[in-house]
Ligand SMILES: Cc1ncc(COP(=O)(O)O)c(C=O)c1O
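Here's a solo chain for you in structure tokens, the form predicted on its own.
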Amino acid sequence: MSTHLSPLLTQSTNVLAVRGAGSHLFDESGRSYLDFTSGIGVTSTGHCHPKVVEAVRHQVGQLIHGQVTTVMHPRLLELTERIGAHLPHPIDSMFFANAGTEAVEAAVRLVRQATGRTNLIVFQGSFHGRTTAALAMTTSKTTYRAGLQPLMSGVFVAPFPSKFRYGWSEDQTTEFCLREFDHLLATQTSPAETAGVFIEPVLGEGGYVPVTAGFLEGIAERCRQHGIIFVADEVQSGFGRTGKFWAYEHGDATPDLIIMAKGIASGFPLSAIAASTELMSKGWPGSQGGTYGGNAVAAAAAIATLDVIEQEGLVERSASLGVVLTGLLKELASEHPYRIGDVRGPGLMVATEFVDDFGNPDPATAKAVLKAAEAEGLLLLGCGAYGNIIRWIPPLIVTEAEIAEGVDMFRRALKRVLSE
């Protein structure tokens, strides 16, 4: 009898990847695939960037694991300083973990302990993770929560300002969602018992929906007014993905706490939360820790990742190439207005939303296009509550020619599906 992976582990493609380089993955036969999934936004510097590979090789020969509640190692101290250069005042203190969901759990502990309050507010479509507290805060689709409820109590859900979903202007959507947020505070969780508001500045699993600037600013103002900790979950949107180092920077609101992971270390498991020393010090002693968090090899990879981001201008590159990508996709959408209802997203975090003739979600076409694109040699991922959204997450080192090639593959895939 052979042992195999769990049948509950599903994959979106049939590719057995044996090698990666830049924007491409290669299967066992040597076939090349243009990878516009980036490991769900992880390999921002591309696959096996030479500077990251060299940094990792060097670190493995020096120290693989220095458990940070036992000893400290210099890579983590250096990484803390390097990320600190990108943090807003007064955020100057960091805790490192392994995955985004673990960082979210640490943030939940901190905001509850620091405020002495119990309740949390999240938004419709949010994805914060699969562990206990993070899962209770996740509302992107029922798949993640099914069979596990009741979940952790004290989590309340407010509407997210999705212009396309509501069919309103940005101002109308912002006004409605702020009014509903105020109604939530008046009817379900009072400000005096609300510890934190957690928001993704661009919804990830929920459909790649960017928050409106006015909404983010309105939420930040309400948090300041009531002493609620304002938390930006930048796990998928951080480190230059949206054309700013942090996605919240597209507006004029500064969070009290930032959660980061995914693109932080080019594929090595690493995550973190960052807050001011004043806020961090309000947590209880012993509430932060873990065996592998801040691992020396992962930290070395993260330092090299920041080197590449800064030296190759990847934040600016994301902004400019994002304009190219959305422009090409909007042109394609104009050719199929009754299939691609919306193209959205800042930088290289872009969504194409599929709808039917009546404007309803069309997951069947989206899923068929994903498979047809794979056959063309383009790897993409779906998302959204209905599975009708295809997200574009190319590595930040992608070239304009590769973007054009990818959109051409997508065009051919779409044509094939619609002609069947």
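The structure displayed is predicted, hence computed values, not measured ones. Don't overthink the numbering: it's just position in the shown sequence, from 1.
One more form of this protein, predicted in complex with the ligand, exists but is not displayed; see below.
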Taking the ligand in the predicted bound form as the reference, which of S318, Q236, S266, N295 has a non-hydrogen atom within 4.5 Å? Q236
Heavy atom within 4.5 Å of the ligand in the predicted bound form, from candidates G322, P255, G129, G240, belongs to G129
Which one of these stretches, 94 to 102, 296 to 304, 212 to 220, 177 to 185, sits within 4.5 Å of the ligand in the predicted bound form when only heavy atoms are counted? 94 to 102
Flag R75 as yes or no: does it have a non-hydrogen atom within 4.5 angstroms of any non-hydrogen atom of the ligand in the predicted bound form? no
Heavy atoms within 4.5 Å of the ligand in the predicted bound form: does K262 have any? yes
Determine the residues of 6 to 24 with a heavy atom within 4.5 Å of the ligand in the predicted bound form and present them in sequence order; the list may be empty. none
